[in-house]
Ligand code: GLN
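Quick heads-up: it's one chain on its own, the form predicted on its own, in C-alpha cells.
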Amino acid sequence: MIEESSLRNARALIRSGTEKLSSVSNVPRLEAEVLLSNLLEISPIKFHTNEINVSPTVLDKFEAMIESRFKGVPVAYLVGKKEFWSLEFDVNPSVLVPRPETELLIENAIGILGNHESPKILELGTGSGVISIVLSKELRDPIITAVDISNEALMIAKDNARKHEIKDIKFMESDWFDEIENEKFDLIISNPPYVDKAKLSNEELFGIDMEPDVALYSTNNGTDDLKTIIKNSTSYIKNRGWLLLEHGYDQAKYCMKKMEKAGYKKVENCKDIQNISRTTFGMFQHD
C-alpha cells in the first residue's frame, strides 16, 4: 500500500509501482509509467518534466492496475491498446496481444506483393485484425478476406478497421478454410497457433496464460495448425500465388519440408529482430 504522504504525487506512485513490478517485468518503470499516463491521459514524458498530482480515484485505479499486472495481466489488456507497425490498435482478452516480431510478416508480404495492383489476400486467424489492416494501408488496393474462428476476436478486428478508416476488408467467422468457397488468392497469410503449451515453463507461461488459448496453442509439438494450413492452402491459391506463415523458433525446417511436399517452390525462411527464424514463405505452382 502506498504511504499517505505520497498519495497525490505521480513520481512517488511510479516509484512504488516500479518496485512492485520489478520481480515480474523486465521494464517495470516503463510499465508503471504507461499505466499511470493512460489513466491521466497524458504523455509519460510529463512525469519527468512536470510535478503532477493524482486524485484519490486515479490512485485507486492505478493500484488496482499494478496489482493486476503483478498477477500477470498484460499491460496491453489493462490499457486496452497496443502499438503495432507504429499504429495503435484496440485489444482485449479475446485476442492475442500483437508482437513486434509479427511485423516481419508484413515486411515479407510487402516484398512479395509490393508491385501488385489489387492483390487478393486471405488472412487466416486475423485476431485483432492488425495484419490485414496494415496490409490494407501498405499495399495498392488489396482485396482482403480476414477470417477467425472467434466471433469475439472478429468484433475487435472490425472495431480496429473502423478506427483506422478501413472499410473494404471482408471479415468472416471461419475455422481456417471452412467458409471459403471457390476462391483463389494471390497470398494466403497467417500467424496461427504454434506454441506447444506442454513445453512452457511456469515463467514462460506467466502473462501469456491470460491470452486466448485458441490463438496460441497447437498440438503435436505446436505443428497441427501449420500442417492443416499448408495442406489445404493449395486448393485456395492461384498459380504462382504465395503462402506466408509465422511459426515458432524450432519449426522452420518443418514448415519448409511440408510446403515443398505440397508443391511450393522458392521456399525460404526469414529471421526476426531477435535473429530467430520466424516466417516461412513459398510460391505455389500448379502442375
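The shown structure was predicted, so the numbers you read here are calculated from the model rather than taken from an experiment. In case it trips you up, residue 1 is the first one in the sequence shown, and so on.
Omitted from view is the form predicted in complex with the ligand, to which the following refers.
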query	finding
Interface membership of residue 215, the ligand in the predicted bound form, 4.5 Å heavy atom rule	yes
Interface membership of residue 96, the ligand in the predicted bound form, 4.5 Å heavy atom rule	yes
Residue contact check: residue 128 to the ligand in the predicted bound form, 4.5 Å heavy atom	no
The ligand contact in the predicted bound form: residue 246, any heavy atom under 4.5 Å	yes
Which of 76-84, 112-120, 170-178, 193-201 lines the interface with the ligand in the predicted bound form (heavy atom within 4.5 Å)	193-201
Selected contact from 166, 143, 155, 208, since only one has a non-hydrogen atom within 4.5 angstroms of the ligand in the predicted bound form	208
Of 101, 159, 186, 107, the one that lies within 4.5 Å of the ligand in the predicted bound form (heavy atoms)	101
